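Only one chain is given next, in structure tokens, and it is the form predicted alone.
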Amino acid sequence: MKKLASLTLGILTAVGAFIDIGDLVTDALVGARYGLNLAWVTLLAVVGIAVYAEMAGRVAAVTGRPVFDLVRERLGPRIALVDLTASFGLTGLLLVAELAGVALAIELATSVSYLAWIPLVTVLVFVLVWRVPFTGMERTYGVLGLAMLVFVWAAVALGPDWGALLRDAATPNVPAGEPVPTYVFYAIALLGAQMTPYEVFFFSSGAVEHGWTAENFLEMRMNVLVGFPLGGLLALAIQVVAAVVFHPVGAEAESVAMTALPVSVALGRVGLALAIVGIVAATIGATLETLMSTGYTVAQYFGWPWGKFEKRDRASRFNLLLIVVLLAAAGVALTTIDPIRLTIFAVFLGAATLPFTYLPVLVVANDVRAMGEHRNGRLANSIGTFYLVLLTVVSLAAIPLLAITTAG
């Protein structure tokens, strides 16, 4: 049981990242529109985020410091400030979307407007961050997030033509009548939703919160190898059920309710109840991740004491920042800004900023002074460099595509 419990950081990180509000909406949307023609993006994202999360976790375990804490020291304050600005701005937008996402999931269960739930969700998140230990947060919402496996159950229960779905996934192409720029737009949006920068910073900081050292490499790698593929499996399951229920009739899926509808079709009320539990748990987990990540990055850049392992009075600036950011995000969410549109914009903007996150991770993981014999090997560098080139191309294409396709 101890070994199983030790995997919850990876599960929370992956479920909260792969199944946050951005991914819930984007997966259902692309599944409904393109079937499994974009499944390759999820597979690409799983490998990429797993490789970089392993680097970040290894850096934290060897040095006792999270990646962002070393970025300023190794790359200088100016480059680190660019990284901080891009990461903090994007993660703040995602926090707004996650708060709204939790409220939308509760609205699905209660039929009460999501706006009424945002203040209560904000209070709940505050209590969790303020009162619950780090391991308590990750274990509770990591495990409850496993209710999202109901989407896998629903995919099987729907009895799709697996041969046709696998052919779509194995031979991706732009469907007839679909503009190529729009197809590429959604491919980039999906990649941005599944390789969001806060995943790496949260995992790295969480490794320090756990007190991992080089002796915990196996535990850290098991978190990566179990957590992120699990997140990818759940993302693919959402795409499958949306493809089966919506794609044949040309229906769109642009809401949390539409994301959960195929589970209700396949499994009835029990399935829908499990889906709601899973969505609420996953989006609360993602809210905790994004909120904590904003505090982690700022505190680590300025050298403030940070983390739940620190006494509150010692980490007062870190904790005050979390409160201010949470209240600001709740205020924006209450303006009635469309949370789904905000989510799509945020994950797409996230794709444009990915190189700013992953380049510093690759550089620090190769630093002989910091890492010694545990620096990257040839395989990690080869895969890491491939993804860095890919993400740079994606970044350069993102903004023009946003304009050309008018956000899809």
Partner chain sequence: MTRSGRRTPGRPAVLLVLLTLLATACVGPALRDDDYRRKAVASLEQLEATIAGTEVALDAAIAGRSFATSTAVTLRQHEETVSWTHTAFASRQPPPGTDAIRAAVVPLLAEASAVMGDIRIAANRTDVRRLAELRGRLGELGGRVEGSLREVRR
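Residue numbers count along the first chain shown, from 1. Given the structure is predicted, the values throughout are model-derived calculations rather than measurements.
Here the subject shifts to the form predicted in complex with its partner chain, a form of this protein not shown in this document.
Engineer: Looking at its partner chain in the predicted complex, do all three of T122, L326 and T335 come within 4.5 Å of it through at least one heavy atom?
Structural biologist: No residue of the spot touches its partner chain in the predicted complex.
Engineer: Counting only heavy atoms and a 4.5 Å cutoff, which of 144-152, 284-292, 259-267, 221-229 contacts its partner chain in the predicted complex?
Structural biologist: Of the options given, it is 259-267.
Engineer: Here the chain is shown alone; which of L128, V298, L165, A273 has a heavy atom within 4.5 Å of its partner chain in the predicted complex?
Structural biologist: Spelling it out, the residue with a heavy atom inside the cut-off is A273.
Engineer: By the heavy atom within 4.5 Å rule, which residue out of F246, W212, F201, F185 makes contact with its partner chain in the predicted complex?
Structural biologist: In short, F246.
Engineer: Can you work out whether E252 and its partner chain are in contact in the predicted complex, taking contact to mean some heavy atom pair no more than 4.5 Å apart?
Structural biologist: Within the cut-off, so yes.
Engineer: So in the predicted complex, does any heavy atom of E73 sit within 4.5 Å of its partner chain?
Structural biologist: Outside the cut-off, so no.
Engineer: Would T110 sit within 4.5 Å of its partner chain in the predicted complex, counting heavy atoms only?
Structural biologist: The answer is yes: T110 has a heavy atom within 4.5 Å of its partner chain.
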